[in-house]
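Next comes just one chain, in structure tokens: the form predicted on its own.
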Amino acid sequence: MSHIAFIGLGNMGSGMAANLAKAGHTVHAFDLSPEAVKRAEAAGARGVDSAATAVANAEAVVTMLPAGKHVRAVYENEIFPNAKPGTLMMDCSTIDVATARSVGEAAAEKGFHFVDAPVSGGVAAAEGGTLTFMVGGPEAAFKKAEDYLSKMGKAVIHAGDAGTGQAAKICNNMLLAIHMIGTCEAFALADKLGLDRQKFFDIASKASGQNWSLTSYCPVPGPLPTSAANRDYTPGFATAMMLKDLKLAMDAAATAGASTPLGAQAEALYAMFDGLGGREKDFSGIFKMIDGSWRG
């Protein structure tokens, strides 16, 4: 078993760190929130007082941070100066492609193994160890990372060179947002036309309209008991996080010169829902804005 440094114990990171500890690894955990560190300790990790302390004797490092600027700062100021040569580094944050590539290049120059490995699946999957990892980086680094990531997820997929993990994540989540909005519109129309929601679910889930947002994350109460819609849209994946990912996708599209009209419309709609008070609700809660029942 390995000594792993885990930095960033938010809603996603806390479950991921707990699963590494459960797998038998020694996890030295750090977060700016003392309460988050205490929760990690209760889940089997060893709390430390800084990122630098966490990585000092680690064989592998996992980071789960809010944005590119945090990733760059933590790696440049805390991880690179204090990690042992040859340490494996896995950044599971969702950030911009340019920062992921820059940090990956810096890691390679300093003799470290680095992958960008953002995740899909939400809080429940982080806690249950069923995340999907989209991994960018050299083949050798991916091979080293695969065993650790598999302890936190059900699928670990090598997307290509540095930065391609982030590219896959933002493309995937742009598609997810578009599917969710379309699914919400279809249910809202079905309601207006007097079509029972369960009947529509039963039909569409077996017809050409079938998609993940319908069958695994149904945005209306009833058809899928496990969906956030049955918990007043308590977030598994908050609107604020979806909007963040859509902004990353639109920035990447602008840089690459890609046409993404539906992605742009999805960003605008989620920005509207966010502005109306839906920020902390699950992203599927946009149904209530679309059907006109949202009251903030």
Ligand code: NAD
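Just count from 1 along the sequence shown to find any residue number. If you're wondering where the values come from, they're calculated on a predicted model, not measured in any experiment.
What comes next is about the form predicted in complex with the ligand, which does not appear here.
Original post:
Which of these residues, 32, 264, 258, 56, gets a heavy atom within 4.5 Å of the ligand in the predicted complex?
Top reply: Only one listed residue qualifies here, and that residue is 32.
**OP:** Would you mind picking the one in 223, 129, 163, 122 that has a heavy atom within 4.5 Å of the ligand in the predicted complex?
**Re:** Checking each option against the ligand in the predicted complex, the one that comes within 4.5 Å is 122.
**OP:** Although the ligand is absent from this view, report whether residue 231 comes within 4.5 Å of it in the predicted complex, heavy atoms only.
**Re:** Residue 231 lies outside the contact set for the ligand.
Subject >> the ligand contact in the predicted complex: residue 74, any heavy atom under 4.5 Å >> reply: Within the cut-off, so yes.
Original post:
Should residue 12 be classed as touching the ligand in the predicted complex when contacts are defined as heavy atoms within 4.5 Å?
Top reply: Flag for residue 12 set to yes.
Original post:
Does residue 5 reach the ligand in the predicted complex if we count a contact as any heavy atom within 4.5 Å?
Top reply: No, residue 5 stays farther than 4.5 Å from the ligand in the predicted complex.
Original post:
Can all three of 179, 211 and 218 be found with a heavy atom no more than 4.5 Å from the ligand in the predicted complex?
Top reply: No: no residue has a heavy atom within 4.5 Å of the partner.
**OP:** Tell me, please, which stretch of 267-275, 223-231, 40-48, 240-248 lies within 4.5 angstroms of the ligand in the predicted complex when heavy atoms are compared?
**Re:** Stretch with heavy atoms near the partner: 240-248.
Original post:
Since the partner is left out here, which residues of 82-112 would have a heavy atom within 4.5 Å of the ligand in the predicted complex?
Top reply: The stretch 82-112, when checked against the ligand in the predicted complex, contributes 93, 94 at the 4.5 Å heavy-atom cut-off.
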